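Only one chain is included here, represented as structure tokens and corresponding to the form predicted on its own.
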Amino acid sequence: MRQDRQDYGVGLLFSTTGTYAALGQDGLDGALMALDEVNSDPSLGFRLRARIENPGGVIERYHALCEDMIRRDGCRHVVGTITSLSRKEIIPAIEKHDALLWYMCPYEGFECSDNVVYTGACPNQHIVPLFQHVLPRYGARACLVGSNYIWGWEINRIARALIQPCGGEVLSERYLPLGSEDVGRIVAEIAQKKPDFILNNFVGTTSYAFFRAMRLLAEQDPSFRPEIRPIVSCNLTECELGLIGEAGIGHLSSAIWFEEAGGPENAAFVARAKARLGGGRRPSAFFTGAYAAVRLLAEAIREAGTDDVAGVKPVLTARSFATPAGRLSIDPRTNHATLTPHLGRIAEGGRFDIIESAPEPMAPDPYLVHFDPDRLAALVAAARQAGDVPSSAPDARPTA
């Protein structure tokens, strides 16, 4: 049969080995599932040809691989990178060649590039709803931990800006290098400080080691059980729960997608994803985000009739698109997505129970220009005074 479909190159840049390999593998698998669906649809009139590269979490490899994808393989679109460190490493190459990076991870905000489509959550879509839930229920005395790069620094900075107007206190703020599992000193300090909650901005293997160490602390001191002093995260998803094991049960995370979210269309997507992944693996927001990015790209190419960035971008900002995480639209001012935040509590079986969801998709506010911390403080104070804490909060809090 004659093949006359147009062929467009797409770079898939995910670290599937290294300290955050689980995240990279889930992102790559989601992108490949979408790619296969696009290529099996003859009505589209084109195919997407994947150029796959694995930087292995080594920051020095990202720029050269990205340049090669664009210059040698003609990829005008690159889907991937996980950490903000890797994203920032390739943006100069993306901008120089007028390509488009599709970034599908939660991140710290305070960035905007004409050559990046940010389909992951920004701060008003992850840490703000997380803290709106946590502060009235558990208290505002926190210990902050994070990997020693921009994600950890900036999310902890935002956390301070949310905690302080609420009359709270940051008891400690500690960092470890990416990949370090030397968490003992930090856990010992947390045991001594006895915060109301711990904000976890560790990434990859550091995060897993931290959860395991905190589980041991809770066994020694029951006041550190998750229903009393939870670990709360903005970037923890299903693809990592098997690596944490029972140590994660009861702790909280925000995400724009959990398996339970959505209706019949999401259920059908989950069934396809699980069948593809096999081995009991569950898709996560990283899988779903990469899948949605490729499907959005394909839809934009279909409407524009080209993969040229100048043709694709107006399509992206002209309307909304159906995704497993709900309808998604791209803000033309910032290139960030309108998304629906959810809060989940880790349950048995490597999944999350959704305990709270935004009532409607939330417009992006990457610079938090529309966020009023004093209003948050008033809401927290009113909830405490009225005892208006919903049933998802602990029934009782023993005195530490």
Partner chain sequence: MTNARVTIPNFRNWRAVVLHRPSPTTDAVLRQLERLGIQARALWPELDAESAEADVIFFDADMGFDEQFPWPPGEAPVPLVALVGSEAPGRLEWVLARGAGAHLMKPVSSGGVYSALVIAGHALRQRGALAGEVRSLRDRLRRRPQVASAVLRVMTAQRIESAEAMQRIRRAAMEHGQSIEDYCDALLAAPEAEAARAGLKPGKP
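Positions refer to the first chain, counted from 1. None of these values were measured; they are calculated from a predicted model.
Unshown form predicted together with its partner chain; subsequent notes refer to it.
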| note | Exactly one of 338, 39, 54, 334 comes within 4.5 Å of its partner chain in the predicted complex through a heavy atom, and that residue is 334
| Listed residue (160, 193, 72, 276) with a non-hydrogen atom within 4.5 angstroms of its partner chain in the predicted complex | 160
| said: Quick one: 110, 114 and 368 and its partner chain in the predicted complex, is every residue within 4.5 Å by at least one heavy atom? | reply: yes
| field | Interface membership of residue 299, its partner chain in the predicted complex, 4.5 Å heavy atom rule | value | no
| task | Using the partner position in the predicted complex, report whether residue 175 sits within 4.5 Å of its partner chain, counting heavy atoms only. | result | yes
| request: Determine whether any heavy atom of residue 246 comes within 4.5 Å of a heavy atom of its partner chain in the predicted complex, and answer yes or no. | output: no
| said: Considering non-hydrogen atoms and a 4.5 Å limit, does its partner chain approach residue 153 in the predicted complex? | reply: yes
| Heavy atom contact within 4.5 Å of its partner chain in the predicted complex, the stretch among 246 to 254, 326 to 334, 259 to 267, 287 to 295 | 326 to 334
